[in-house]
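One chain is shown next in structure tokens, namely the form predicted alone.
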Amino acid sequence: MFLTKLALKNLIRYRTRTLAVGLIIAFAVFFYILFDALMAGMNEMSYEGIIDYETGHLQIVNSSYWQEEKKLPLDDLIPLDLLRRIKLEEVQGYRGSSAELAFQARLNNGINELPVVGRGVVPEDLLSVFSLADKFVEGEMFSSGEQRVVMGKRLADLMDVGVGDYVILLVRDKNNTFNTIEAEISGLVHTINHNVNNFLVYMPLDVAQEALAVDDVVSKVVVRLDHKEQAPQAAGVLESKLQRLDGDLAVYKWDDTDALSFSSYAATENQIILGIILLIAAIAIINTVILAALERMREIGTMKAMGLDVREIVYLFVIESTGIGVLGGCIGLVMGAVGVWYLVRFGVDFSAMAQLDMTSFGVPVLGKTHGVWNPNAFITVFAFGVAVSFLSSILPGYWAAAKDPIQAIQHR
């Protein structure tokens, strides 16, 4: 008990050292929490970008088509009359559904040509599922039956075309015959989704079906729910309905897609970055504790001369260092909580700060990025700071306590 009280008194007596090491821990905790909140916010934006512009919450697809989806085949498509019998509106949380016919195409402006992905859609259904209505920077959505298309503003800029210009889509139909679709650009959109901005061209479903020589069929149906958390239950309900109608049809959730797999890799990279931050903080803490041991060598020699053994001196170091870790961790938690509160409430506009469009680099950020509260991050980093402070004091403590008392007293 005496040594514990002495250790706590030393924290006040050596207040400069206590404050210096404590602030190192505090800033490490603060930056970890802040960075974690930002990365979590960007991950949420990434998920929203995938759901809002590509996958919806659920996709009804022929299981054979799903295996070859990247090739966008015109086989194993779904008859629309079959889909009408499913009664999707009966699914809990249902907000809308959009049937789409996806195909490969080459976009030509009369001079240059680029590979793109075409999507034949019903415009009203598309806007009920995907968040495109307020993303038009020029023009408007087309109507069914019109020879008009909507594409990303970045793609249009790359092809040097705009609203009112005509483009040609070179496609290969179901009979493996080349065909062309000449259409006027009716609108341009700009979103946080890289694929929408750079590769997708929307057109009326009936126009696409005619050009591709397919019947009243689609590649898939995308379903929008109230919340993504409802997807597992809704998928189970739809699966049972589909099994009674057509055993080849399957339901895939938003988190079953390849796009989300890539996002999970990004999340792993974020954890590596966070680990580097903590490693740097740990090295700084260990160095500071070693320097503190060197500064107090004469004091250690005096304590040994008074009869304290090695374990008691190490115990003194451990209690002091752990106390600094707790103090610095608490300060860091308060700072981190304030920082995360600001990010959640007000957000940060990186695009405005850097004067760059972050979506052009594939970063799913358009406008402000808001943080996300993650209590686990608070607990993890606080425990880490205390643990590092505890462990980093053991070896320096043994090294200092093992010195001969006379040599330690004479140390300069």
Partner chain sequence: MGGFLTRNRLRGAAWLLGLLCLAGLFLSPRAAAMTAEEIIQRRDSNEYVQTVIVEAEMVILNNNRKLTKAMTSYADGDNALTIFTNPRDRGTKFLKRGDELWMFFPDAEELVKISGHMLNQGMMGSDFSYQDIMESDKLTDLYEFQLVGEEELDGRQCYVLEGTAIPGEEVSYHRRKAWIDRERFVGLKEELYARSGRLLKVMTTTKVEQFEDRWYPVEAVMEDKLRKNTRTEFIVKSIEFNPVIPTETFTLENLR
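These numbers come from a predicted model, not from an experiment. Positions refer to the first chain, counted from 1.
Not on display, but discussed next: the form predicted together with the partner chain.
- Heavy atom within 4.5 Å of the partner chain in the model of the complex - residue from 168, 282, 314, 88: Spelling it out, the residue with a heavy atom inside the cut-off is 168.
- in the model of the complex, the residue from 104, 230, 198, 131 that sits within 4.5 Å of the partner chain by heavy atoms: Looking at the other structure, the residue within range turns out to be 104.
- Which of 189 to 197, 322 to 330, 173 to 181, 138 to 146 sits within 4.5 Å of the partner chain in the model of the complex, heavy atom basis: The contacting stretch is 173 to 181.
- Message: Is the partner chain in the model of the complex close enough to 108, 113 and 213 that every residue in that trio has a heavy atom within 4.5 angstroms of it?
- Response: Yes: 108, 113 and 213 each sit within 4.5 Å of the partner chain in the model of the complex.
- Pull the contact list for 117 to 142: residues with a heavy atom within 4.5 Å of the partner chain in the model of the complex, in sequence order. Contacting residues: none.
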